[in-house]
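Okay, here we've got a single chain as structure tokens, the form predicted alone, with questions on binding and movement later.
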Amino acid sequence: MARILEDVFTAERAGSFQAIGRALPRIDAHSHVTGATRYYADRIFPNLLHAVMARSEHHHALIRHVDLSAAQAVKGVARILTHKDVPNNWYTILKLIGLGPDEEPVLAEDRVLYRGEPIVAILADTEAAAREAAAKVKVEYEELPAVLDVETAILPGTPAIKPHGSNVFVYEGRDHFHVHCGDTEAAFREADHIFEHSYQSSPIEHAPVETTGAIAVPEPGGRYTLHSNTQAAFFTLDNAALILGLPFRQLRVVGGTVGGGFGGKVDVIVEPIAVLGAMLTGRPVKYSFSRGEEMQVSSPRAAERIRIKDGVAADGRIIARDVRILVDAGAYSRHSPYGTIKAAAHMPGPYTVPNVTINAWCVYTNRTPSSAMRGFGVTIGDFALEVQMDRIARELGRDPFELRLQNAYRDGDLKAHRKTVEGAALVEVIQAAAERIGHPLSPECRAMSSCQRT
């Protein structure tokens, strides 16, 4: 592997690569900077309706009554959609990623679980009329205590905000996802040093330049064309069709240029409402988030709390690692149960630790539902792990490069989730990085290889 990387760097320096090491223009750069690129919202349709949501004012409340009379009286309002209009009023994201049950309503029924949850959709001739009508929807609430902290959510006695009676996602009868390898407790007793630190992240909003949106257009023969800035066209088609009770062949999704997504445009939130509006009115319907909605109610990266406890031998080998992860799913699951599995399986990082215990909880709170964002389930964990490695190196007086090289996984090593490492190149990458920045390594570390453990 070291020889392969050396050949790569030699070829790069020699200029024999067509892409690696070269500054190549994007093939779509010219159309972007000249304004020629077409986005979904550039499509103009006659008789277009605009959809705007009336949203919850509370983090957690029962809905006692919804008065639509003032909203219906606004000039230009064509129709108001409630949960009774949705054929299958449940988002089906979990079903399509092999988890369950589906538990997030498309439009709220008898309760709301986060501030900004959609209750009714206004369809009007203009966006201004739709927003005026949405502001005139009157909802009578019975406010309930809100759970806004993951640690509080899992304490005994904290009221359950979910119908299944628990504030955590249940994995095949277990209230958390568990990974175990070796005898962690015994290894901690044998360790010469124990390091325990906690790490925390906040929700991170994708903040794309182009907000989430879609336009649904009725077509002859009972078909519908959906112009969307989704990141996943077929996933969007499947979810929308299942929610609306449509045969898949009756729905056509047209994707295209996405003005920033980063994982945030895979949740299929706007598309079902746009198509439903087109189905019930026979007119094209556009539903897009305002900038305020994009920041408040589009799903962010989940906040996480991670505690890492390491047992380290005198020579620097990490012989035990215990990790506790709390992932804030917000009010509904979306992709967070899957992200929690990824978080647990990713530990203990790119290091071979013979004794590992990982416990990861996907926790429900009355916050905006979280979901996918660039390596979700791994990114925050990697931050925590690498800060932990730096802390260990500093407290032991070790070079942080060499500590990582000593513990880096090699081909043939067994990961904590019982998968054998294949094609590892971590050792060579660390060596190459050290060389590039002029960081000295000992002869022993320079001689290390991912193909064998010394």
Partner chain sequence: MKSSYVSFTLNGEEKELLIEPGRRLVDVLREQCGATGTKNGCGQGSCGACTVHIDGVAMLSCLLPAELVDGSEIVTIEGVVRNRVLHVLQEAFLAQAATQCGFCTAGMIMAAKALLDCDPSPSRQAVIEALSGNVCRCTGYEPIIAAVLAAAATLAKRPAAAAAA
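Positions refer to the first chain, counted from 1. Worth saying up front: this structure is predicted, and the values here are computed from it rather than measured.
Keep in mind that the form predicted together with the partner chain is missing from the display, and what follows is about it.
request  = May I ask you to check whether residue 182 falls inside a 4.5 Å heavy atom distance of the partner chain in the predicted complex?
outcome  = Because no heavy atom of residue 182 falls inside 4.5 Å of the partner chain in the predicted complex, the answer is no.
message = I'd like to know if residue 47 sits close to the partner chain in the predicted complex, meaning any non-hydrogen atom pair within 4.5 angstroms.
response = The answer is no: residue 47 has no heavy atom within 4.5 Å of the partner chain.
ask   = Would residue 314 show up as a contact with the partner chain in the predicted complex if we use heavy atoms at 4.5 Å?
value = Looking in the predicted complex, residue contacts with the partner chain do not include residue 314, since no heavy atom lies within 4.5 Å.
query = Is the gap between residue 218 and the partner chain in the predicted complex 4.5 Å or less for some heavy atom pair?
reply = Residue 218 lies outside the contact set for the partner chain.
inquiry  = Based on heavy atom distances of 4.5 Å or less, which listed stretch (206-214, 155-163, 277-285, 317-325) is in contact with the partner chain in the predicted complex?
reply    = Heavy-atom contact with the partner occurs in 206-214.
message = To verify the annotation, which of these, 260, 245, 145, 101, has a non-hydrogen atom within 4.5 Å of the partner chain in the predicted complex?
response = Answer to the contact question: 260.
ask   = Among the candidate residues 29, 70, 62, 414, which is the single one with a non-hydrogen atom no more than 4.5 Å from the partner chain in the predicted complex?
value = Result of the distance check: 29.
key: Partner contacts for 280-297, taking the partner chain in the predicted complex and a 4.5 Å heavy atom cut-off   = Sequence-ordered list has one entry, 291.
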